[in-house]
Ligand SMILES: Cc1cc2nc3c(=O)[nH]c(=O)nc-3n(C[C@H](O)[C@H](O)[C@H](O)COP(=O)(O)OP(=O)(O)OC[C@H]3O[C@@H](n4cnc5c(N)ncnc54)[C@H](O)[C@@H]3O)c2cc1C
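Okay, here we've got a single chain as structure tokens, the form predicted on its own, with questions on binding and movement later.
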């Protein structure tokens, strides 16, 4: 482990908040829900769409959108997509109930619902399951919700309880979401669309929605990753996705 990783790990433990692992649920072979509790955490401090940075060992930090249930003060869920052999994947596979973890935040990531909406739409992939749950959970009862989450076939079970449609990924990330959007009749009124997941797929969905007459103010966008790497995602966020 490098010196910078050692320092980041020490800073996370010293300056961050501590939480205890209360529950670990395998939603599918590669999607895991982790329930955390912390005496220093109030549900009111976590607006829907906020993020926390979890220390996943060896000085590595990873961002997640916490899901907070109504009345569950001090408790939050994070949904981890363990799709490779990175630090977060190794961390969640080794995690056990009773472990202590350090986190920083919450902080702003993507703006959630501001109040009643005529409808809400969400598109994303496995990495956006937590965000989708947080958004849907914050909507007033009875709000129409449309959209879809895209997964690999082996992880479709992770969407069993989702209010969004589940679509299976083809050869290219985002194709199944684009096909779903083409067939979707958006409800009347000025609703809000949340787009997340892989950056290039988000960019394609954004353009398709604009082509259908939606305005930029109706779109709340946060790509979580890119097949072309972190620099590509950051560049898109700074340029075209901001316009």
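Numbering follows the first chain given and starts at 1. Keep in mind it's a predicted model, so treat the numbers as computed, not measured.
Below, we refer to the form predicted in complex with the named molecule, which is not included among the displayed structures.
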| query | finding |
| --- | --- |
| Full three-residue contact with the named molecule in the predicted complex, heavy atom 4.5 Å, for 111, 134 and 143 | no |
| Contact segment among 112 to 120, 160 to 168, 144 to 152, 76 to 84, judged by heavy atoms lying within 4.5 Å of the named molecule in the predicted complex | 76 to 84 |
| Non-hydrogen atom contact residue 64 with the named molecule in the predicted complex at 4.5 angstroms | yes |
| In the predicted complex, residue 88 touching the named molecule (heavy atom, 4.5 Å) | yes |
| Proximity of residue 232 to the named molecule in the predicted complex, heavy atoms at 4.5 Å | no |
| Distance check, residue 51 to the named molecule in the predicted complex, heavy atom within 4.5 Å | yes |
